[in-house]
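Here's a solo chain for you in structure tokens, the form predicted on its own.
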Amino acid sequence: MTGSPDSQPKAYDRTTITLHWATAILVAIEFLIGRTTNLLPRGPLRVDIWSLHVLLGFALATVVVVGMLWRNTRGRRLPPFNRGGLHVAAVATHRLLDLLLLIMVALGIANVFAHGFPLFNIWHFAKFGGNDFMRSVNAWHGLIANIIIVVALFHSAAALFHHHVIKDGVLRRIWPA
């Protein structure tokens, strides 16, 4: 980029910020639904909540893919605050989250078809594979969800560390205006 550091943008563009926070919110909701819904008794309410999980999963898939495409084509690029170890860790964490989210989306879609999921008990997805395949996909889906939450918590802690300890403005770059 050209110009003095003072002439550089101080924050990401509105689309990048919106997609970032939409991803964070959807991941949190999906994790909560995924970890609590089986505590409910079997029946229509449980199917409806799982159906919401499936629909939000498709929304998350869209947000993740659009977000990656946006960041790599039209999103505002900001210079790093430093080029040392913190920058390497930040880039590695973001790439890991991107990879894990893509895997999660793929496993979620596979899970819907492995179960032959009854969306709101109105429409059934075609079922592919046997029970062993279904259990395997479901287990991997749950494992990746847990890993995403751990990495996202690390990411959040790092942002808060930047904001409250280093006080370098990193969090303000992605914070909604």
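Note that residue numbering begins at 1 and tracks the sequence as displayed. Here the structure is a predicted model, which is why all the values come from computation and not from measurement.
One more form of this protein should be noted, the form predicted in complex with ligand HEM, which is absent from this view; the next part is about it.
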(message) So, F31 and ligand HEM: in the predicted bound form, are they within 4.5 Å at any heavy atom pair?
(response) yes
(request) Answer with yes or no whether G129 is in contact with ligand HEM in the predicted bound form, where contact means some heavy atom within 4.5 Å. (result) no
(request) Answer for F120 alone: is it within 4.5 Å of ligand HEM in the predicted bound form, judged on heavy atom distances? (result) no
(request) Look up in the predicted bound form whether A145 has a non-hydrogen atom within 4.5 angstroms of ligand HEM, and give yes or no. (result) yes
(request) Between 157 to 176 and ligand HEM in the predicted bound form, list the residues on our side with a heavy atom within 4.5 Å. (result) A159, L160, V170, L171, R173, I174
